[in-house]
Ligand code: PYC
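Take a look at this single chain in structure tokens; it is the form predicted alone.
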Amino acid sequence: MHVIDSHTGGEPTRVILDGGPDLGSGSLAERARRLATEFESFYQSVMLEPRGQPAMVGALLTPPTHPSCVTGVIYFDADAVLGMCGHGTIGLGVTLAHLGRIGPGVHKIETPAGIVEIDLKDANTVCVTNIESRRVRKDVTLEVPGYGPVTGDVAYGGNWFFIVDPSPIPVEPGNIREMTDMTIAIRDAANAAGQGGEQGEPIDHVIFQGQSPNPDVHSRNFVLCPDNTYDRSPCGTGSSARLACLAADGKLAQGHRIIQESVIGSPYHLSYVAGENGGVVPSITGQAWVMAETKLIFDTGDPFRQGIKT
């Protein structure tokens, strides 16, 4: 299996160029559902240790259904198939440029959540125009076992988020373990209470918003991903959901540019324009670097061929 690894603000992406499963025809959303329900062992074997690493997201290239798109892509981590991935799309753009498949300028990419645009600024810098994002519910209070009441917003940015602002724990690297434990409990409580999407979609990510020590940075976040690891980047779909909340509250004007920082300090530059359906269309600019180009080997005699699952 031919793969290229990159990282976006410290968050790794593994682009799978060949060797993936046959997902058949149909829409990208249908193929993503097939990957999630029929090929769990495949995506876990690519993402889990010893072949993968914590926080890594896979990007399986697939033919697009729209001729205007340069590729289709299905994102996944060790625990779930994703609708969209912001850091992964930045990493994919840089990877496609590394391969000589795209040059500077605007290109369309098809994801299960919809078509997104990337603007390749240079070899490492990509601006993603995401799908329209929205806040679904404001000030939802959950009773979280072991922590008590926690209030946050439910929002969509390509994945489903419960956003707590301000964070009950200082968003600092030394608090990552404590924030991880609490956000897992919050996600469990949100899903137990049915506080997800309009069609019953479960919460898959939780965000704690905090302050940055850098006065030029709007805010700092901690983002829990479906595989219970934290996002090393500021999370593109999470930043999109956050923009929708800021816009709904009148706290950020259309076109105004801010810097969102991750818990480890990596930045995204964010802005939005109004969407056609009452939400926002986010713009996310970040940087990625290619780290490795390699061939994965799946030896049938390897006892951990499908990954370490304990």
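Owing to the predicted nature of the structure, the values given are computational and were not obtained by experimental measurement. Start at 1 and count along the sequence shown; that's the residue number.
Same protein, other form: the form predicted in complex with the named molecule, not shown, and the subject of what follows.
When the named molecule is considered in the predicted complex, only one residue from Ile207, Leu92, Val128, Leu82 comes within 4.5 Å through any heavy atom, namely Leu82.
Distance criterion of 4.5 Å from any heavy atom to the named molecule in the predicted complex singles out Cys225 from the list Ile163, Ile118, Cys225, Val73. Contact annotation for Asn159: at least one heavy atom lies within 4.5 Å of the named molecule in the predicted complex. Proximity of Val280 to the named molecule in the predicted complex falls outside the 4.5 Å heavy atom cutoff. At a distance threshold of 4.5 angstroms between non-hydrogen atoms, Leu270 is out of contact with the named molecule in the predicted complex. Taking the partner from elsewhere, Leu243 is found to have every heavy atom lying beyond 4.5 Å of the named molecule in the predicted complex. Stretch-level contact check against the named molecule in the predicted complex with heavy atoms at 4.5 Å: of 183 to 191, 232 to 240, 93 to 101, 144 to 152, the positive one is 232 to 240. Interface residues of 86 to 106, taken as those with a heavy atom within 4.5 Å of the named molecule in the predicted complex (partner not displayed): Gly86, His87, in sequence order.
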